[in-house]
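This document opens with one chain alone, in structure tokens, the form predicted on its own.
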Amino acid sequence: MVKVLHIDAGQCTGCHQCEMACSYHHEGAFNPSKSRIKVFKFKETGRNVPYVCTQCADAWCLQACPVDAISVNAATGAKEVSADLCVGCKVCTIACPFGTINYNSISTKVDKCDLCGGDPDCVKVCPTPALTFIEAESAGMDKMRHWAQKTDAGNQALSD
């Protein structure tokens, strides 16, 4: 069963441990600027929001790559960049509507989340349920339940 990285921004404390774990896993350094997951702080609301590749089904990055350097890992479903094939043209960074693929000026290649081979380090270190790695099917069900509850609450307010 394919799993997905599920983000509950309401649970994020802004500790940045996910960024540290990611940068250490991929770059061997505790450096948030080298992380493939970013935590954005919205000062006006006091909220922190983890932001990472959503591993899109239609993956525009994969389709846009002129050298086929991005492929789907059959075991994890992650869209992974092959450093051997990537020429650093940045076309995928332009194609990604979410801005979750980044150019690495040191390697002259692009970096994106690869789900750590199916066992994401960001999830392991998250002290809250802000980051979880769950079955893709249940992630969809959670979204449907959430919207159903919102719709039900809205309909109830209208009928009162």
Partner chain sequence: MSWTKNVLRVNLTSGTCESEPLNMEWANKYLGQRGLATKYYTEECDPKVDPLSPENKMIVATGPLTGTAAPTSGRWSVITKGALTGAIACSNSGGFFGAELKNAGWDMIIFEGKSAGPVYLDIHNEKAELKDASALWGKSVWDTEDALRDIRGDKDIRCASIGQAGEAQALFAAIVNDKDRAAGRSGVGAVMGSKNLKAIAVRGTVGVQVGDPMKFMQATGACNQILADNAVTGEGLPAYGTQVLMNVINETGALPTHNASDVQFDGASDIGGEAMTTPRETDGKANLVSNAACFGCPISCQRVSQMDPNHFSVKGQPKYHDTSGGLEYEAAWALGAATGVNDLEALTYCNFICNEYGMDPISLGSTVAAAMELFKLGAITEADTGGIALEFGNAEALCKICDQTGLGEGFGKEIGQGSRRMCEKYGHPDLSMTVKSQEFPAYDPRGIQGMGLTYATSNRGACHLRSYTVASEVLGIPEKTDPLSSEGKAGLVKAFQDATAAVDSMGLCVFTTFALTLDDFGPMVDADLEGEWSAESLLEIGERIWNLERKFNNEAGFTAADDTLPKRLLTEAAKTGPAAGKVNELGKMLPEYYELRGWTPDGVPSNETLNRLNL
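This structure is a prediction, so every number in the text was calculated from the model and none was measured. Positions refer to the first chain, counted from 1.
Keep in mind the form predicted together with its partner chain is missing from the figure; the text below concerns it.
Engineer: What stretch, of 30-38, 109-117, 62-70, 92-100, brings heavy atoms to within 4.5 Å of its partner chain in the predicted bound form?
Structural biologist: Flagged stretch: 30-38.
Engineer: Within 4.5 Å, heavy atoms only: does Cys15 come near its partner chain in the predicted bound form?
Structural biologist: Yes, contact at 4.5 Å.
Engineer: Mind listing which residues of 115-133 have a heavy atom within 4.5 Å of its partner chain in the predicted bound form?
Structural biologist: Read in sequence order, the lone residue that approaches its partner chain (within 4.5 Å, in the predicted bound form) is Pro127.
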